[in-house]
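One chain follows as structure tokens, the form predicted on its own.
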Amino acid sequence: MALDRLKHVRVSGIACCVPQNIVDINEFEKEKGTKATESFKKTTGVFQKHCCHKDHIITAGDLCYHAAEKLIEELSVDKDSIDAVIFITQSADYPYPATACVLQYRLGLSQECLAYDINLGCSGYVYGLHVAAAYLQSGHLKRVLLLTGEANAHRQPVSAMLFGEAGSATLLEYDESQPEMNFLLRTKGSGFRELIIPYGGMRHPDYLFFAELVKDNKPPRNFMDGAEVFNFSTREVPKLFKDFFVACDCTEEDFDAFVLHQANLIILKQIMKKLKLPKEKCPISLDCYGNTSSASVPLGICDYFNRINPEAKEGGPKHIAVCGYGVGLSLGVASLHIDGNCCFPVITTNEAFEDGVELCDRS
């Protein structure tokens, strides 16, 4: 069992950033029809999302950069004191180098800072918390900046109305006074085909096909077995939580809120029903932002403390359970204590990084 208990770690703050451009789901009525659009909103719970314009590309690195700058400013953090940057995404700025290395440079962090990317999707934030906390537990590293984000929704097929774009920044610090952070992590790799972009990597390069997609600004061929993903989410997530409660000797009543990956409303309702979680403890943020993959949990936390339930900022740190699940197939749950006053309102940006790279003519 991948159960872990990590001490001496404080989640010091969270900031999130989304593109300024807002897409109202009603805009799809012309193509999809009013009936289909209304049905989509009812079943998924998505009424709008933030996505960059196709002719003005903002990357996951851009969104995480602005979230990190916001967080560092609000917490008055000395940039030289940050020991590590971990960037989690499935839409990296480049095939290489790692976007984390670019962000270390852009943020003006010390060259003594370690930096690398992790390729994970919807479970990425929970896994990222575990990686960051594991670094800090020894006491040798004092501050870790965890960045998660996705910015590929503008390249998805028009039918993928569900997905939005967002970036997040979470600062974790060594603090001996903090209570344990508990984790339960799982992988069902046999389901890797159920949610996949098979082309464009080294297994199935299909370079000519992929080059044509990029040239014509079309999305890569992706595949999702909706029924299997639904079954996985509604079966395995409740089981994960129940095992977590037993292993950690806790119940639903021990938590102030449950922030779940915002897959879609039907899945969230099924999970809540099976676990008998009160809806007031399960904030819903996908109505404004859609499914933002690895950014959906930190985005949900910031949205909970600032838009959904700002009163939760009162009375000190709150005990929160977070859960991510999806592509991989991968899932995880973690418990953490966090002060809502250090979870800042979601910001927007329209600024993209000018990297100075001169593209050659490949014609």
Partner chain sequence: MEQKEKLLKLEELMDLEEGCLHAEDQLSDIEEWDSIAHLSLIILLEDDYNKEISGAEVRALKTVQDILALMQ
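Bear in mind the structure is a predicted one, so any value in this text is a computation, not a measurement. Positions refer to the first chain, counted from 1.
Quick note: we don't show the form predicted together with the partner chain, though the next part is all about it.
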Only hit among H204, K274, K279, K188 for heavy atom within 4.5 Å of the partner chain in the model of the complex is K274
Partner-free chain; cross-checking the partner chain in the model of the complex, the single residue of R235, K142, K242, R193 with a heavy atom within 4.5 Å is R235
Only one of 68 to 76, 223 to 231, 178 to 186, 98 to 106 sits within 4.5 Å of the partner chain in the model of the complex by heavy atom distance, namely 223 to 231
Mark T34 yes when one of its heavy atoms lies within 4.5 Å of a heavy atom of the partner chain in the model of the complex, and no otherwise.
-> no
N26 within 4.5 Å of the partner chain in the model of the complex, heavy atoms = no
Contact flag, Q137 vs the partner chain in the model of the complex, heavy atom cut 4.5 Å = no
Using heavy atoms and a 4.5 Å limit, would one call Q270 a contact residue for the partner chain in the model of the complex?
-> yes
Three-residue site Q20, N350 and A352 fully in contact with the partner chain in the model of the complex at 4.5 Å by heavy atom = no
When the partner chain is considered in the model of the complex, the residues of 17 to 42 having a heavy atom within 4.5 Å of it are K35, S39, F40
